[in-house]
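As structure tokens, one chain now follows by itself in the form predicted alone.
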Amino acid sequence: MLPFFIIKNIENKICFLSETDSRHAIKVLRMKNNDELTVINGFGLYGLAEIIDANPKKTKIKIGRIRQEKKPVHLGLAFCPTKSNDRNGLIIEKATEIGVTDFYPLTSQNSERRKWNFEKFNKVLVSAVKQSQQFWTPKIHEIQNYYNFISSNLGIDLKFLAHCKELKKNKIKELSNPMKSQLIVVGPEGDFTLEELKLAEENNFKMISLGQNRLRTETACIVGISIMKL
């Protein structure tokens, strides 16, 4: 597979890679003039390109025919960030590779972290897009309050919430459908409160189980979306 690079305005026939991408292409991948690569704009447009000036600071490329890739069906992941930014980065990275289209960081009553480093995690996301060679870049939404998010009109077909309480729950694999827009909400290490669960049920969220074992937040996120993607 050809290396992937993201450029916003790929409609232009002649473009330049960013300094970071130029250095990676020339110094790490050892690319040179006439080598081919794939460029995307993150919104479904992609094309085959050729290096015409292999400059490690500003590589010049020529783009051939551009094509449009269909937008994937919405697969949303809402979760309460953990104390560890490494674990939060793992969630973004792996969920992007699996196929999440939208991330919704939330703060709930038992949240351990209430601040979100958008720039840091967007870089993780972009790297994962390149690694998994996807044509659409997922969107990381602004961090928001659980109550506001759950009560809002999301316009999503299937809405699930995973929790650890000993209450009636369904197996997610029996309810999910990758042909429809979907969303899963995963709580903090301290779990959701009964009040928070009641609010979700009132807003048509289905309470779901991810198996017998008690999972950490990042594991629950990855398990949930993997099943939903099947």
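In case it trips you up, residue 1 is the first one in the sequence shown, and so on. Model, not experiment: these values are computed from the prediction.
Beyond the structure shown, there is the form predicted together with another copy of the chain, which is absent from this document and is the topic of what follows.
Although the partner is absent here, residue 101 sits far enough away that none of its heavy atoms falls within 4.5 Å of another copy of the chain in the predicted bound form. Within 4.5 Å of any heavy atom of another copy of the chain in the predicted bound form lies no heavy atom of residue 207. Taking the partner from elsewhere, residue 58 is found to have every heavy atom lying beyond 4.5 Å of another copy of the chain in the predicted bound form. Though the partner is left out of this view, residue 134 does reach within 4.5 Å of another copy of the chain in the predicted bound form, counting heavy atoms only. The contact residue chosen from 94, 141, 113, 123 relative to another copy of the chain in the predicted bound form is 94, the criterion being a non-hydrogen atom within 4.5 angstroms. Partner contact region in the predicted bound form: 126 to 134, out of 77 to 85, 126 to 134, 102 to 110, 150 to 158, criterion any non-hydrogen atom within 4.5 Å of another copy of the chain. Shown without its partner, the chain has 211, 213, 214, 215, 216, 218, 219, 222, 223 in segment 211 to 225 as residues with a non-hydrogen atom within 4.5 angstroms of another copy of the chain in the predicted bound form.
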